[in-house]
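Before any questions on binding or motion, here is one chain by itself as C-alpha cells, the form predicted on its own.
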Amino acid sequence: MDVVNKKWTEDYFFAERKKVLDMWPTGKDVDLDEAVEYHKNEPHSKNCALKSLQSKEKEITYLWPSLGTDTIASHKELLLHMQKKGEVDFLASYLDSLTRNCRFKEAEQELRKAKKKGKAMLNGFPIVVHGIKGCREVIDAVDLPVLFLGPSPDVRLAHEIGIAGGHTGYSGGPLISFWNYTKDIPVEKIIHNYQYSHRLMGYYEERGVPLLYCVSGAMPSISPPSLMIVPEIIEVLIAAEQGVKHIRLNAWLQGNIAQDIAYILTFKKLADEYLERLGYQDVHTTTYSTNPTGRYPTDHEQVYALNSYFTMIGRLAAVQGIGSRTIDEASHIPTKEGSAKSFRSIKVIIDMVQPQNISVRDNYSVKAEIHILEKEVKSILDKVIEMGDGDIITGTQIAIDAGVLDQPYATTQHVKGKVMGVKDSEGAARFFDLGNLPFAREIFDFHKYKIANREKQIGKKVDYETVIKDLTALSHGAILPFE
C-alpha cells in the first residue's frame, strides 16, 4: 500500500466512505449535512475543542475521565454520575474492545446479553452497534462535552457514527494503535485508516464544526519521554495534513517531577515548532497529562496519594487537561462510585495549586531535562523526515524498519524492539539500550552517566532484573523499587 502524507481529495474520501459505511447497518444512517447542523445547534459549552481552548485562554486545568460501559441506560447513568458527583469538566465514551477490532456482530451479541442479564458484558460503549440515535440519547442527557476514545487499527466507522452521534472529540491514533494494539498489521495500513478519520474531522472543521483530536503516540514502559513525543508529533502532522485544527497533546507521566514537567513543556514547544515548520500554521494545540500505564496498587489509599501526586505534576506544568487512574481499577472494571471519588479527590489538588501560579520553567533540573529531551526528539524526528525525503509517513515506515523509530515491549511484530528503559537514581527514565536510535555521543554519554549513578546507589550493575523491578515499583506506591 502506497501511503503518503497528502490531503485526500473529496472524490477519494467519498469513494472510501462508501466502503466504510457498509461495514455495519448503522452506517447507513449517517448524513453529514444533518450531522453538521446538529453540531451547530449544540451549545459551545458542549464542544470539546472549544472548551479545551477556553481552558487555555483562562489558564485553568480541566478534568477529563476516560470511562465507558455498554448499554445506553448504564452509560447515561455513568456519565451523569461523573458530571454530578465526580465534578469533572468533560465526559467520555470509551470504546469496547470488540468495537475497536471491528467485531460488531459479537459486540451486538454481548450487548443483548447485557440488557437481558442487567449487568455489563462489554468493557466499553459500543458506538457502532448503538448507532447515531443511541449516541445522541446519551449526548443529549448530559451538559458537558463528550469525546470518545480507544486506540484501534480501524476506528473509521466508529468515527462516522460517534461524531454524527454528537461526540466532539476522539483520543487515540495510528502509532499507539500500531505499537500497542496490533500484532501483524502494517503501519501504513493503520495510518491509512486514520487518514480517513482525520479527513472526516477535517470535513466537519471546514463546515464550521470544531472537533478535538487527542494524540496518544505510544504507551510508556519506563520510556524516556522522547520515545513518546516523537510518535505523538508524527500523529499531529498526519492529522494536520487532513485538516484537523484542534489537537490535544497527551503526556504520559512516569513519576520524576523534573522529567515529567520537561516532557509536557517540550512536547508543546516542539509540536508547535514542527507544525509551523511544515506549514500548518492554523492548528490549535492544548496540553494534557495523565498517570502512568502499567500495574497499579490495589490499596485505595495508595492510589489516592498517587493520583494526587501526578495531578500536582500536571498542574505545575500548567496543563489544560488532566486525566487520572481510578482507585478501584487495579481490582476490577472501575465503578462509577470509585471513578467519581477519584476525580473529586484530584480536583482538590487542582483547586489548591491553580491560583498560586508557581513557575517551574526556570528550575535547574527541569531545564536540564528539557535540554537533553529537545536534542533527543529532534535527532529522531529530523532523521524520520530525512528518510522520507520530507514526507513524514514515508519516513515513518522506513524508520520503523530501520529501528530509528522503536518502542520497548511493543505488541506488533513489525518493530525492532531493541530500545529499553531503566530508571536512574532519582526515578527518571533513561535508556538502558539505545538500539538503533540516531543519537550523538553527548546523548549516549548522558544516559550512561545517569545509569552509573544508579549503580552506585544500589551497589551493583543495572541489569534486566533491575528493569523488571522498575516496571513494578509503582504498584507498591514507589518511584523506585525497594532494594
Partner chain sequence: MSNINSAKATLITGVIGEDVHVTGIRILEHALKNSGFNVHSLGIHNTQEDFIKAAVDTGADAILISSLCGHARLLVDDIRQKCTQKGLENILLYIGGQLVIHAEEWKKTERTFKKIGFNRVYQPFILPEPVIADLKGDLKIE
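Here the structure is a predicted model, which is why all the values come from computation and not from measurement. Numbering follows the first chain given and starts at 1.
Just so you know, the form predicted in complex with its partner chain exists too; it's not on screen, but the next bit is about it.
Taking non-hydrogen atoms only, Y12 never approaches its partner chain to within 4.5 angstroms in the predicted complex. Put simply, G417 is close to its partner chain in the predicted complex: some heavy atom of it is within 4.5 Å.
Although the partner is absent here, A473 is not a contact residue: none of its heavy atoms lies within 4.5 angstroms of its partner chain in the predicted complex. By the criterion of a heavy atom within 4.5 Å, A410 is counted among the residues contacting its partner chain in the predicted complex. Annotated contacts: K18, E34 and Y196 are all free of its partner chain in the predicted complex [non-hydrogen atom within 4.5 angstroms]. Here the chain stands alone, but in the predicted complex its contact with its partner chain, taken as any heavy atom within 4.5 Å, falls in 430-438 among 445-453, 35-43, 65-73, 430-438. Only one of H371, K133, K113, R295 lies close to its partner chain in the predicted complex, with a heavy atom inside 4.5 Å, and it is R295. The contact residue chosen from R277, K117, K183, K367 relative to its partner chain in the predicted complex is K183, the criterion being a non-hydrogen atom within 4.5 angstroms.
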